[in-house]
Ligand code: KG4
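Presented as structure tokens, the chain that follows is alone, the form predicted on its own.
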């Protein structure tokens, strides 16, 4: 059976749409990023995000169809993110997909956003099962054992902040631009990715993550160094580039150590064939290199998506929607956001 699937993603601050076909794979992958809209707030504002989705979803879907050289009537189904995410953002994507599917009598497929990330590396690579997948972004950080398409088990997840959120919050402490990940990596590279301050590596014997404590450790270390005033919430050493570089470098090395620590625990318990690193944080070249070296050392294949498939995107939703269509796993119109 051949299927042509439109994937729609609107769980947070990217409006995305993509087309996937059985014979040709990804035919298009269009996205509007709201980063510039949220930068002055230092983080995503839900109301701003949902309003932007309302403005952009139709032109983004139209662009995806145009690039794929198909029309709405050529689709077999619409796959759409329904969980997890910001309620208002999810509602825009789901409502749009439902309306189109109902009007044109097309099938509807609800997709878990995290499942999209888990299988995002499979868009470009044939990954042997079972594999361990570490997903990391501004909204989630988790470990999964992946046994097959649609078959995966959660091993551990963040108990508080996600890895990308820690980057954003530490960057905000030092009055650095949003999003924090790219600027943290840039500053860390300037001093050679060294561990200057030895921040704590939390939950060493657990598969769960905790980055809130790491963020707090950075905060109190800055206070101790008389670089941050708690009362006024002010970074006091705006001109101290070296301090910013050392904080960024120590933070990044710490996160890399935590990722390796968790993966080492997984490899002791589960006979996996490969390691996958996905999500927005997987754009980080330093962390990609760390985990690639870790995988080679443990004689495991290593896979990570291209940057376009690391951040939130429609292609991963269309891809998951496609294998669900192959299994006839349709959703009905009572599907709601969660």
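Positions refer to the first chain, counted from 1. Every value quoted in this text rests on a predicted model; they were computed, and no experiment measured them.
Absent from the display: the form predicted in complex with this ligand. The rest refers to it.
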Checklist entry - So, in the predicted bound form, is residue 250 in contact with this ligand at a 4.5 angstroms heavy atom limit? => result no
Next on the checklist: Using a 4.5 angstroms cut-off on non-hydrogen atoms, would residue 279 count as touching this ligand in the predicted bound form?
Outcome noted: yes
Checklist entry - residue 30: heavy atom within 4.5 Å of this ligand in the predicted bound form? => result no
Item to check | residue 89: touches this ligand in the predicted bound form, heavy atom cutoff 4.5 angstroms | outcome: no
Item to check | Stretch from 242 to 250, 224 to 232, 210 to 218, 113 to 121 whose residues place a heavy atom within 4.5 Å of this ligand in the predicted bound form | outcome: 113 to 121
Checklist entry - Heavy atom within 4.5 Å of this ligand in the predicted bound form: which of 150, 128, 200, 182? => result 182
Next on the checklist: For the stretch 24 to 59, I need every residue with any heavy atom inside 4.5 Å of this ligand in the predicted bound form, listed N to C.
Outcome noted: none
